[in-house]
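Just one chain is shown here, as structure tokens, and it is the form predicted alone.
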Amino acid sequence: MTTKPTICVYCGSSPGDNPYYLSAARDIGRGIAGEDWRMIYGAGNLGLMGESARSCIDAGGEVIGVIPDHLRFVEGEAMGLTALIRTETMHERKKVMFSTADAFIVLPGGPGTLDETIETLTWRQLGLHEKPFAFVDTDGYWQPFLKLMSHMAEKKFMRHSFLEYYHVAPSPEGAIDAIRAALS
């Protein structure tokens, strides 16, 4: 018997300033449930985090939340989770999310999302994993970051092959399609 793939979703605990960000979070949650995958994320109830988890749960999906003790009352824990894992530190949270995940999808977010994204991609560069990774580039949100990655490669601070560690999709459906193809 095979287990369901677990998709880690990195995204903001804020809704951002664009209604398309919340829409993309809903679509990712529903898409993960629709594929019969399991979702793991930072357990927050706010912003894109909460929206993606609620949408996955509402669509019949399984959602695992991972939250450090110090954020329990800041981000709030989402209700109805399949499982909630409490950790002592942010480092432990990231380790649990990473080790449980079979693939990663990143939606718009702030410094925490960027931290998780860079760490996961750096670990790929170091040969610590080959897990698929997809950006949902809602309304061009990730374009400045992607340009910076290209700039670093052009300036020889990383190999150009780093740019192949991730797929960039303009829509949630495109990210789901890329992860499905990579997991096949």
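What you see is a predicted model, and the numbers here were worked out from it, not measured in a lab. Don't overthink the numbering: it's just position in the shown sequence, from 1.
Beyond the structure shown, there is the form predicted in complex with ligand AMP, which is absent from this document and is the topic of what follows.
Out of 129 to 137, 111 to 119, 55 to 63, 29 to 37, where are the residues with a heavy atom within 4.5 Å of ligand AMP in the predicted complex? Result of the contact check: 111 to 119.
Run the contact test on K4, T82 and A101 with a 4.5 Å heavy atom cut-off to ligand AMP in the predicted complex and return yes or no. No residue of the spot touches ligand AMP in the predicted complex.
May I ask you to check whether S171 falls inside a 4.5 Å heavy atom distance of ligand AMP in the predicted complex? Contact with ligand AMP, no.
Please tell me whether any heavy atom belonging to A25 falls inside 4.5 Å of a heavy atom of ligand AMP, as the geometry stands in the predicted complex. Answer no; every heavy atom of A25 is more than 4.5 Å from ligand AMP in the predicted complex.
Taking the shortest heavy atom distance, is G12 within 4.5 Å of ligand AMP in the predicted complex? Output for G12 is yes: heavy atoms within 4.5 Å of ligand AMP.
Heavy atom of V96 within 4.5 Å of ligand AMP in the predicted complex: Result no; V96 lies far from ligand AMP in the predicted complex.
Using a 4.5 Å heavy atom cutoff, which residues in 35 to 53 contact ligand AMP in the predicted complex? It's fine if the answer is none. Contacting residue: only M49.
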